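Shown here is one chain on its own, the form predicted alone, set out as structure tokens.
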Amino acid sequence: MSGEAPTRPFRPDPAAIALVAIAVVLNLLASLWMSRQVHDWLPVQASSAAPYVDNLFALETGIGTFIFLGCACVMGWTILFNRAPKYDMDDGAPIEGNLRLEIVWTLVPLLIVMAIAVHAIQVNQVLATLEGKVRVSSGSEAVAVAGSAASDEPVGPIQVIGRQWSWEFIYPEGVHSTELHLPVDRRARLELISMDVLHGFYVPAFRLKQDLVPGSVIAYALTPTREGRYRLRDSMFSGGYFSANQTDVVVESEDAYRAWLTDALRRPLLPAANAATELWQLRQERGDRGWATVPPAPPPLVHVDADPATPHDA
């Protein structure tokens, strides 16, 4: 006869199962609460694309919170209740060959990553087809929509010109400006142009970003949905003073937009102010020390110049 003791069948501890279940439920509630806080962290939603981007970020935040809290709780429980005794220098028991556990920790991350990927692809598809499409249910409705298309024509195209380091916007009416004006709830068509290096057209309140590539004219469209003044930033490192390459996007009513265009055309063309030029001149006065950089491009001639002191919503 063998001297080995008979192996006892594994019996799960009901108290341990209940404790894990409670911890999972609390983790889910905390993750759901955290995902709902996302909208308070981000700037105001000011474009038709913003809700889709925010919901995707909220999903990723909730999943990340659940994983973080789950790992932190397991490590905390181990440290508090399953740590080795003092002066115990032995290695842990060699645990291997648990096929079920290996399948679980392979499938769970795979499913999480695939869920995020599928949702991200859906959001990208929505953003790609968000502008310029109208769904109809009958031929007569299609004729009616086509007959009213003249009133729904998009604004523009507005040329968006990026330089080292200033923005210029040229409207079909002939207005030149260093701040971008758009009518609310109207699709705006933009033509993005870089005069020198890579620039990034980025309005955080719109949740939209597009690179300006030298030698290319990039067609772009967006629909602002909230009146206000929002910050446009150069999101690409375009040289020493790229942080000064900021201006405002003013979203206003259709009447206010038309009145602004009319008033702007009455004004003379004058050189725009440029914070980068002031910084460059200060550098020259101090002996042109520090990292090498190029002089800012000459300021554009505009009818309306942005006032950097004007407060903005986001």
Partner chain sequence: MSPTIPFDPRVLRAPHPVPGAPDNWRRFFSFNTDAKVIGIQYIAVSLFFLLVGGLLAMIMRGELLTPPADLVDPTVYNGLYTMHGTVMLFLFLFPVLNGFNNLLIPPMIGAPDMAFPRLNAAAFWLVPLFGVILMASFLVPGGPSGSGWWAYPPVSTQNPLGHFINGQFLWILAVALSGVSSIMGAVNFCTTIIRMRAPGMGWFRMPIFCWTALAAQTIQLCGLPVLTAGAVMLLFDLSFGTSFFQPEGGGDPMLYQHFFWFYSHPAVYVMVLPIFGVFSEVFPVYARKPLFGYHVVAIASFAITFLSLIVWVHHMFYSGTPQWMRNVFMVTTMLIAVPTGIKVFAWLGTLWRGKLRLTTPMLFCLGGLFNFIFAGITGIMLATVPVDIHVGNTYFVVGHFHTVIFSTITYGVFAAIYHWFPKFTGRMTYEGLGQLHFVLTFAGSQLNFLPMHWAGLMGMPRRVASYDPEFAGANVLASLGAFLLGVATLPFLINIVSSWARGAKAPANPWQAIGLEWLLPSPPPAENFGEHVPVVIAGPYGYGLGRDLVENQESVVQRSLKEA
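Since the structure is predicted, the reported quantities are computational estimates derived from the model, not experimental observations. For clarity, a rigid core is taken as the largest C-alpha set superposing within 1.5 Å between two forms. Positions refer to the first chain, counted from 1.
Just so it is clear, the following notes concern the form predicted together with its partner chain, a form of the same protein that is not shown.
This chain is drawn without its partner chain; in the predicted bound form, the residue among Ser48, Asn27, Thr61, Thr277 with a heavy atom within 4.5 Å of it is Thr61. The partner is absent here; in the predicted bound form, the one residue of Gly228, Pro157, Pro183, Pro204 having a heavy atom within 4.5 Å of its partner chain is Pro204.
In the predicted bound form, Pro43 approaches its partner chain with a heavy atom inside 4.5 Å.
Within this chain, Ser177 is remote from the site of its partner chain in the predicted bound form, having no heavy atom within 4.5 Å. With a 4.5 Å cutoff on heavy atoms, Ala292 counts as touching its partner chain in the predicted bound form.
Although the partner is absent here, Ile193 is not a contact residue: none of its heavy atoms lies within 4.5 angstroms of its partner chain in the predicted bound form. Here the marked residues Gln125, Val213 and Arg233 all reach its partner chain in the predicted bound form, each with a heavy atom within 4.5 angstroms. Heavy atoms closer than or equal to 4.5 Å to its partner chain in the predicted bound form belong, across 95-109, to the residues Ile95, Glu96, Gly97, Asn98, Leu101, Glu102, Trp105, Thr106, Pro109, ordered by sequence position. Residue displacement note: Asp288 has its CA displaced by at least 2 Å between this form and the one not shown (rigid core superposed).
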